[in-house]
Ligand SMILES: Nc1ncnc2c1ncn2[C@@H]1O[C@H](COP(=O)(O)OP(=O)(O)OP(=O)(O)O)[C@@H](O)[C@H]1O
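Just the one chain here, laid out as structure tokens, in the form predicted on its own.
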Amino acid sequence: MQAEQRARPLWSRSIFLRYNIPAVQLTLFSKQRRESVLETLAICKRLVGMIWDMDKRLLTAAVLSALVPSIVPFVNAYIYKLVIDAIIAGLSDPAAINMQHLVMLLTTRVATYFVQDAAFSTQGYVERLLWTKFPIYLNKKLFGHIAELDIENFEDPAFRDRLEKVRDSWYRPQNLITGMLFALQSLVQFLIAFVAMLTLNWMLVLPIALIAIPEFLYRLYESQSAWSIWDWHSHRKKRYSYLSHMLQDAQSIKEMRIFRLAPLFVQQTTAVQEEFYEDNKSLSMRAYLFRLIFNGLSTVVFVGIEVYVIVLAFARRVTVGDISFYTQIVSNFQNGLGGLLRNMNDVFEASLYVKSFFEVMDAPAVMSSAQNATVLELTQSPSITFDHVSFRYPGMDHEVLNDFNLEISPREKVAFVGENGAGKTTIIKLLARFYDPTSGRILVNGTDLRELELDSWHRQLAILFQDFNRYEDTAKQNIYFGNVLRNMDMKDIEKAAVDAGANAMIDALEKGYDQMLGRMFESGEELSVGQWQKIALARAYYRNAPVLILDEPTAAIDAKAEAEIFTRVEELSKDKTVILISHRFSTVRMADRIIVINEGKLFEQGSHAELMRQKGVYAELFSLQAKGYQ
């Protein structure tokens, strides 16, 4: 590091120190820089490959329309040089004027203007097509992959951070495409001007490069700093998103109004935004000062080269037309080099954001079917066995389930009870194979769940989760979503609604089963939590699977409706295996067997009557809950 500092000019070190620019950021050939360049190139290559796969002709048109505007100005400048030289020659000797040649030059010059304008129009047209077509292609790839990922991915904070970056950077892939096309355009412009400059004096290349390269390095540092603010402070962005959601959410606003939380949340969102403002203000001020410096130096170099060409003209070493030509060449060289470096910087900046897209698209699905997996097609409800199952969530240091053993017979009605955190919902996640056990195995009809084809196993399950979805769609669609693999059958949809106790509520809606639910779309009608829960239960019934899992299915339903629903569950599920989780002991009494879970282990089991006679944990909890109703 000391050797590096000694090698740098004193003015350079003073600027770096004054504006707090890390030296490592400005070392062009550092290991970190090389890795960043290689990563950016890999991202660009992959993105171009995706565009090529999407539409080869559109990509070819985009490249060609970007190249033409970089070539035509040089042709135009050279034609103009010939026109000036012809006129100058005619002033000294009118007989030397070749009008036909002059008209041809002027006509060609007009044609180049037309070609230039046509290229710009084509470039705008093609860019618009790319900006509208590529997001469709990219989103299909991205969302298709996300849909195949596992619950473990979405419960991973690091993966959720990447998803949030993708949501906030939806336009960055298009920016990267545009940056690459403009960088190509600037590169061709720079190379042509470079060759032309060499024919005049190769020494003229040096002062322009000495200005442009430090400017590029600073812009690179500026981009990394802007990204760092976005990346390092992503927790602030998440905090802001959370607070702004709470301030706009219809469910949360009621409690916030009563507790007067809104002013506090507004204050906190403002504080987060002000922190971003201060960070960006500091960065913008440094960028502003440095750009003034670079612009001033660029102006001095440009004027100096112009003076040099004029001196050569007076010395009769170049023609008057050459003055115009080389002035254009210098301008194009400077613009080409500066544009190339700026566009490369834009490409680098955009690649930092696009990287998040590819990180999401490359996230592996943890749960997958084994090779030659068994496709399960049940004609009756299966037996389910938990064989010495232990499980801990990724990143946790303690086990949620510990040597858990349980056998569930076909058509048996089993209820799980226990304190929060005892592992009840984890059992459902493992049974649905959202996760695999840390140790032990789960057997379905004697076959390890990991050896079953996953989609075929999921088709055997109908699950009503505690945090069920509320689809902003019609009532019939909400129920039909329970089994979209079959054609919609209104008789079965209405039967599922009757079984769930939702038919009367749906019939009372203005448009019945065609009524849009929720307030997101026009003419939608909001339901109570209990009504939404009945719709979700109807969705589970419509699936008509051999295994029915109900996780707190009546938490938002009154006692009368609960009794009616579970009477129907008993009637409708005689040929199904039913697994029930509930905190209401009046609900679990209908089960053939009640399993008490405590600290991840099976603590007690038996029918309601058997457990009451044991006078253990279940009897105590039941008595406490029953006492509350007395």
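On a predicted model such as this, the values are computed, not experimentally measured, just so you know. Numbering starts at 1 and follows the sequence shown.
A second form of this protein, the form predicted in complex with this ligand, is not displayed here; the remarks below concern that form.
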### Query
Exactly one of Y393, F276, F481, Y242 has a non-hydrogen atom within 4.5 Å of this ligand in the model of the complex; which residue is it?
Y393
### Query
Looking at G518, P410, G90, G421, which has any heavy atom no more than 4.5 Å from this ligand in the model of the complex?
G421
### Option from 413-421, 319-327, 469-477, 482-490 whose residues, in the model of the complex, bring a heavy atom within 4.5 Å of this ligand
413-421
### Message
R433 versus this ligand, in the model of the complex: is there a non-hydrogen atom within 4.5 Å?
### Response
no
### Query
Though only this chain appears here, would D168 touch this ligand in the model of the complex if you measure heavy atom gaps against 4.5 Å?
no
### Query
Would R459 show up as a contact with this ligand in the model of the complex if we use heavy atoms at 4.5 Å?
no
### Query
Might T426 be said to contact this ligand in the model of the complex, defining contact as any heavy atom within 4.5 Å?
yes
### Message
What I'd like checked is whether E35, L191 and R342 together line this ligand in the model of the complex, meaning each has a non-hydrogen atom within 4.5 Å of it.
### Response
no
### Query
Considering only 576-597, what residues come within 4.5 Å of this ligand in the model of the complex, judged by heavy atoms?
H583
